[in-house]
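The chain below stands alone and is given as structure tokens, in the form predicted on its own.
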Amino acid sequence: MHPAFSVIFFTVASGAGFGLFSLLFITDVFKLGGGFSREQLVIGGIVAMALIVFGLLSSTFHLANPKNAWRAVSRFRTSWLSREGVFAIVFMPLALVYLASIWFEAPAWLRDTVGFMTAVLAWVTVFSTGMIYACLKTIRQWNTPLVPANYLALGYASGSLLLLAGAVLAGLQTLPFIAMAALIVSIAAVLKAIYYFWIRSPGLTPTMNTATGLTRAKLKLLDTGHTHGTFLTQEFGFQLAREKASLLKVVVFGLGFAVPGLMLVWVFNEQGGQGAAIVAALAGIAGAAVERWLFFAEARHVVNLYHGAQRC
């Protein structure tokens, strides 16, 4: 599949924003590290919402007809794209109410109830984003429960690293934030490794034989019927060399997981804590962006079987 920058930015930014907002609520409830002040909580929430809003705005650039964007949220019963849009829209006013309850020091029951609902909506929205791809049976690399699991893990990993940077800048006790980030980043790394191992195993992948139903001999396409690239071959037949994909996977693990892990140790030892925390957050987000580009580039739609590909 053609990796579109707008979708990559949307999924990475909104995932980090939803993850940050959810973890900010947990920090607020349990007063991790001594607890953020009222102003710091609101600033953290605004940063998370800015990531989500800019991500959603970016996603509109991927629409062929932006004037029909409202249709994307009108099929709630049958479309994960619609569910994602509806959950994101409901999230916004609740998030604002939660931040207002913090700022105006509303009763604890109201603050906790709205915050919990917001955190659940954030989780469900990121899950719905992953399901948009996981429900597509025509793309073997996406049609797996590992996809929404990876979207959740990477979104919350980015959010936990941003939260750690905020805790360091706010002068809080960093041990709970380091432990949280280390746990989530480790889970994300393991899930990503399992996913990469899984897509390398062809298994029962669609082939030219299964696509045509002719299974007595190996089929070979003699003529594609066109002499130039088409929308189908350009959008659904993105070519990526195996060596380049392997190199990018090393970059994903190095930039997205290894560097943040080293920076967490650096912060734990307090050797330039603020700089290390910021580097960890930026590296984690950059690694997630590379991972997302590779996620789209490696996907092979079955339509390629009718344009010369032997298997997908």
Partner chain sequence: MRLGLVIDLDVCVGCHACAIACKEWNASGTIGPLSDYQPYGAEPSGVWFNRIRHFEMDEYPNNKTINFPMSCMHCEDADCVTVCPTGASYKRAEDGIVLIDQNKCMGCNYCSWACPYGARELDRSSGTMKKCTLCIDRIYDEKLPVEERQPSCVLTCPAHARMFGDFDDPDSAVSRVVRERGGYPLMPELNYNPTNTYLPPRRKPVIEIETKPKGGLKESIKQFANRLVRR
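These numbers were taken from a predicted model, which means no experiment stands behind them. Positions refer to the first chain, counted from 1.
There is also a form predicted together with its partner chain; it is not shown, and the following applies to it.
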Using a 4.5 Å heavy atom cut-off, which of 187 to 195, 90 to 98, 235 to 243, 106 to 114 contacts its partner chain in the model of the complex? 235 to 243
According to a 4.5 angstroms non-hydrogen atom cut-off, is residue 225 in contact with its partner chain in the model of the complex? yes
So, in the model of the complex, is residue 297 in contact with its partner chain at a 4.5 angstroms heavy atom limit? no
Residue 269: heavy atom within 4.5 Å of its partner chain in the model of the complex? no
May I ask you to check whether residue 173 falls inside a 4.5 Å heavy atom distance of its partner chain in the model of the complex? no
What is the one choice in 179, 199, 124, 135 with a heavy atom within 4.5 Å of its partner chain in the model of the complex? 135
In the model of the complex, the residue from 57, 265, 63, 247 with a non-hydrogen atom within 4.5 Å of its partner chain is 63
For 279 to 312: residues with a non-hydrogen atom within 4.5 angstroms of its partner chain in the model of the complex? 296, 301, 302, 303, 305, 306, 307
